[in-house]
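The chain that follows stands alone, in the form predicted on its own, written as structure tokens.
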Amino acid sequence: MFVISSRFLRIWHRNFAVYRKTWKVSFMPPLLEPLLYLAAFGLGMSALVGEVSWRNQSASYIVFIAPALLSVNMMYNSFFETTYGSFVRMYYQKTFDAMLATPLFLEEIITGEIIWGATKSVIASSIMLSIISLFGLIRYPEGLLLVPLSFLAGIAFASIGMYFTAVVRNIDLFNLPIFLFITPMFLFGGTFFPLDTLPGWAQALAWFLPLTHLVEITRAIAIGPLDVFALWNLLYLALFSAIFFPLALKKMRVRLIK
């Protein structure tokens, strides 16, 4: 049985306080990355590809890919925060050990880490969203839904990131989940080309990947149509979070409580 109270916010506040000291460095990637991607795909690939068909409508390649890049941004910021970031705090800085010496429960510490990972997703996505919006690539007011979506996506990827943190023995082994889990989603999760261009078996596998559903719902919000199918994508992300959040708590207890 998990014991979680509002005290997990103390962990969030601690991480936020550290973030405030380095926010200028953390602020730059989500600010500059969309400009680089839009320049590369907008001026380069878009001219070669032209129009892309998605859900029986056509859109320019840059309009098609912009929501996917935003989804990848949500995934990266939350996942890497609870893998490399949390692992450093746990193993090298011994921050978790210090927290466990206080009245905090382990589940509250891990919950605070996951919520902070989701917060990093919201911060980075909001910055990137504001940049993309300047180019008219997001429709409004529907685009405002991307902010709460980034939090849900952050919970999903921060939870599975924390799960990997609980099972890897050293920091170098994070290369395995990145290579076997993150990279395939980045390449085949409907980011750079429509899923219906893949073979049938590859499409079936792609629908098991959480990034595929995140890209689909982000694209539906950004360029439309926002229909019942988007609800299925939302439910998948919620179910994914509901599964891996308690799994992360359980695995971290096994790792940290000897």
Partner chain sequence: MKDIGQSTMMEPVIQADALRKAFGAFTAVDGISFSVRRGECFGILGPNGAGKTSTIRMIYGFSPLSGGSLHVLGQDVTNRKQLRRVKYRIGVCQQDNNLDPELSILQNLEVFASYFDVPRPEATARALELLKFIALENRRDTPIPELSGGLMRRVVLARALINEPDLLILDEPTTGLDPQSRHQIWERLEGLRARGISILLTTHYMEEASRLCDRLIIMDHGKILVEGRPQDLIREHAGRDIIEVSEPGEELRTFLRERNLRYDDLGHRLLIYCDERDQLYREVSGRYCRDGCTLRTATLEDVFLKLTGRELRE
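Positions refer to the first chain, counted from 1. Owing to the predicted nature of the structure, the values given are computational and were not obtained by experimental measurement.
There is another form of this protein, the form predicted in complex with its partner chain, and it is not shown here; the text below is about that form.
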{"query": "Stretch in contact in the predicted complex with its partner chain, which is absent here, among 103-111, 121-129, 76-84, 165-173 (heavy atoms within 4.5 Å)", "finding": "103-111"}
{"query": "In the predicted complex, the residue from 242, 235, 18, 25 that sits within 4.5 Å of its partner chain by heavy atoms", "finding": "18"}
{"query": "Selected contact from 147, 180, 98, 134, since only one has a non-hydrogen atom within 4.5 angstroms of its partner chain in the predicted complex", "finding": "98"}
{"query": "Heavy atom distance at most 4.5 Å to its partner chain in the predicted complex, all of 5, 14 and 94", "finding": "yes"}
{"query": "Interface membership of residue 250, its partner chain in the predicted complex, 4.5 Å heavy atom rule", "finding": "no"}
